[in-house]
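Below sits a lone chain in structure tokens, taken as the form predicted alone.
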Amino acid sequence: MSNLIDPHAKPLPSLSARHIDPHSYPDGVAFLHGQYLPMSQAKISVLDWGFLHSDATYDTVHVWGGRFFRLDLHLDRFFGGLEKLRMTIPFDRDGVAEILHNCVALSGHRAAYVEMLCTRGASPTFSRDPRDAVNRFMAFAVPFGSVADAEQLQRGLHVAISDKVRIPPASIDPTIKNYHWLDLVRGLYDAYDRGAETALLLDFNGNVAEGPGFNVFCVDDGKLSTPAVGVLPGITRRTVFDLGAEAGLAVAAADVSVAALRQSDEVFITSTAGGIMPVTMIDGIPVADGKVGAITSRLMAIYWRKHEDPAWSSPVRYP
């Protein structure tokens, strides 16, 4: 009979009073719901739209030698993304800057990767209407990390060009920094399968676009070019334009074909996570003579010197 209890059925598991996380996390400090917490204690709900739908915007700035680098530009982009996504947070620019400073100062890190982010949040009723969600602001500071490690910075990265197409700007405004990374992750696996260390994706016209968390530049006859369409206008990318102006180098945003990139005199990538980083091999073929180029090396040196310049950086107030 249907009302009979199966004597072999397993009993229901017990309901835990709280979550115990068995994983380890980088040493750092996070800000969440008005509290400063160790990274291991910073959690969001599984119902948050940022987690369920990648409905979020963020920005990252780094600290080097105890100084934020170009923080104002990162704040500009973050608040621009909030406006475009119709999100609101209970902090103005100065408030967010203070929270970021506090995260770094409390962590004690002199070299840090610092992130501010806002998710759509969650609705108390699990509504599918994004207007019912309560937006959530978070921030954290962890040790500085780079796309390229020390060895790769010395000899140059080995990159593969994936046939995956970056999400077109007609779908997602690339000026809004976002977590839509599945195309980038698929590109990374393409690169790994081909023995490369990272990837470049194409734009919707078949030209070179960008990679996972970085822009790309090529150098030809002393002139620098970087893809213009369908890419995040990175802060380090902008910094190369600014450094080029100071150094008397021509820098332009334009279409960059796959063939043109492979035939360049020099290639480098740019990211807050690593700065200016050389590329010396594309699809298993050396770029020019396979060595880090003179212009790339020159820009790398100038870039890191700017971290000590008060016009480009601001100090962290450590206890």
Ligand code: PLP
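The first residue of the sequence shown is number 1, and the count goes up from there. Source: prediction; values computed, not measured.
The discussion below concerns the form predicted in complex with ligand PLP, not included here.
Residues Arg166, Trp181 and Arg237 are all found to lie within 4.5 Å of ligand PLP in the model of the complex, as judged by heavy atom distances.
Judged by heavy atoms within 4.5 Å of ligand PLP in the model of the complex, the contact stretch among the candidates 48-56, 280-288, 266-274, 28-36 is 266-274. Proximity to ligand PLP in the model of the complex, taken as a non-hydrogen atom within 4.5 angstroms, holds for one residue of Pro130, Gly213, Gly108, Gly145, which is Gly213. Distance criterion of 4.5 Å from any heavy atom to ligand PLP in the model of the complex singles out Leu232 from the list Val219, Val96, Leu232, Ala191. Looking at Arg136, you'd find every heavy atom of it more than 4.5 angstroms from ligand PLP in the model of the complex. Although the partner is absent here, Arg77 is a contact residue: one of its heavy atoms lies within 4.5 angstroms of ligand PLP in the model of the complex. At a distance threshold of 4.5 angstroms between non-hydrogen atoms, His101 is out of contact with ligand PLP in the model of the complex. Residue contact check for His158: none of its heavy atoms lie within 4.5 Å of ligand PLP in the model of the complex.
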